[in-house]
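Below you will find one chain, with nothing else, as structure tokens; this is the form predicted alone, and questions on how it binds or moves follow later.
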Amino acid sequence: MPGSVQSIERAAAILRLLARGSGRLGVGEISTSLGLAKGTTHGILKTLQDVGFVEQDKASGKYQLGATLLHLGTSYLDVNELRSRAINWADALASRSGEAVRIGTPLDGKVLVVHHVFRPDDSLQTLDTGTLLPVHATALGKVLLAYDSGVAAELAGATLEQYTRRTLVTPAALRKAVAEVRETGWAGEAEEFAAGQASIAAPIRGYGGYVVGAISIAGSVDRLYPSAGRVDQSLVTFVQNASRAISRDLGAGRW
């Protein structure tokens, strides 16, 4: 087996040192603390700065942990807490609705499925945990677009892929759909991502009411939209009740 990579070990040591510190540290302070040459320390810091893991204060020239690294850490904690809090409610929603349940969070302009409960029947199904879904063609994605400005910003100006003839691919159509989500508090899609399939989603909120993800059910369009293309409102209620329950467990309170 190959050994460890020295430059990565040194970069990790610098990040740990910055994380322990109460303020910013200069190149000299870092090199002295870790026993590294100043040139080596500066080169590693420059690389870490280029990828957003550290930031340099323009006035003092000293370094601190960068926003990108902090965001990665926060995202990891949020996702794991979200998943642990949501497991029981997701299982209950699958049992009550008879449909598959997915929980998603934003990642690089898409929806990352962080938890998936199979439809409670004997049909052959594929686990979707870890899958990336398009935001413009799924109910999970529309919820995140409606409540997360960062997701909307990443999609701005992008070419929207058409998955079916019902996929919303114009900015005007998508803006209208997102506005409806904000008005009703839930999102739906019928055959926009896959023919014959539909989904219904609602936001999951954390402390302060901030939307940290979304929960959805997904299944046959005939079951979710049974009456002339109209959604089954009882299923919408099931999804919203689950989203509120998870949000309360995450500290969102009432909204």
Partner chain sequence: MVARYVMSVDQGTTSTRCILFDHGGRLVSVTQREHRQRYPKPGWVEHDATEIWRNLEHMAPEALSRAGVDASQVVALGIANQRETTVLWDRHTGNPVGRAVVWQDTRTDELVEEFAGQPGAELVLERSGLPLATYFSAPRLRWLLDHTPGLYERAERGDVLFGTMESWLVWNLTGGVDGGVHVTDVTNASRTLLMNIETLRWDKDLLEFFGIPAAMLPEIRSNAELYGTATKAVPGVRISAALGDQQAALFGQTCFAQGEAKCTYGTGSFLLLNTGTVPVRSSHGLLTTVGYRIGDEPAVYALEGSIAVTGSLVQWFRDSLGLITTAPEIETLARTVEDNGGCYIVPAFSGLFAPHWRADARGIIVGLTSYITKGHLARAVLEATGWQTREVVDAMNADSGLELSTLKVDGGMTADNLLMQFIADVLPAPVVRPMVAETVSLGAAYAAGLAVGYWPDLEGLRRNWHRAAQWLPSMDAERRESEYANWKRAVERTFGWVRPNHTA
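No experiment lies behind these values; they were computed from the predicted model shown. Positions refer to the first chain, counted from 1.
The discussion below concerns the form predicted together with its partner chain, not included here.
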{"item": "Residue 89: touches its partner chain in the model of the complex, heavy atom cutoff 4.5 angstroms", "value": "yes"}
{"item": "4.5 Å heavy atom contact, residue 117 and its partner chain in the model of the complex", "value": "yes"}
{"item": "Close approach of residue 154 to its partner chain in the model of the complex, 4.5 Å, heavy atom", "value": "no"}
{"item": "Partner contact for residue 83 in the model of the complex: its partner chain, 4.5 angstroms, heavy atom", "value": "yes"}
{"item": "Proximity to its partner chain in the model of the complex (heavy atom, within 4.5 Å), stretch among 119-127, 164-172, 143-151, 104-112", "value": "119-127"}
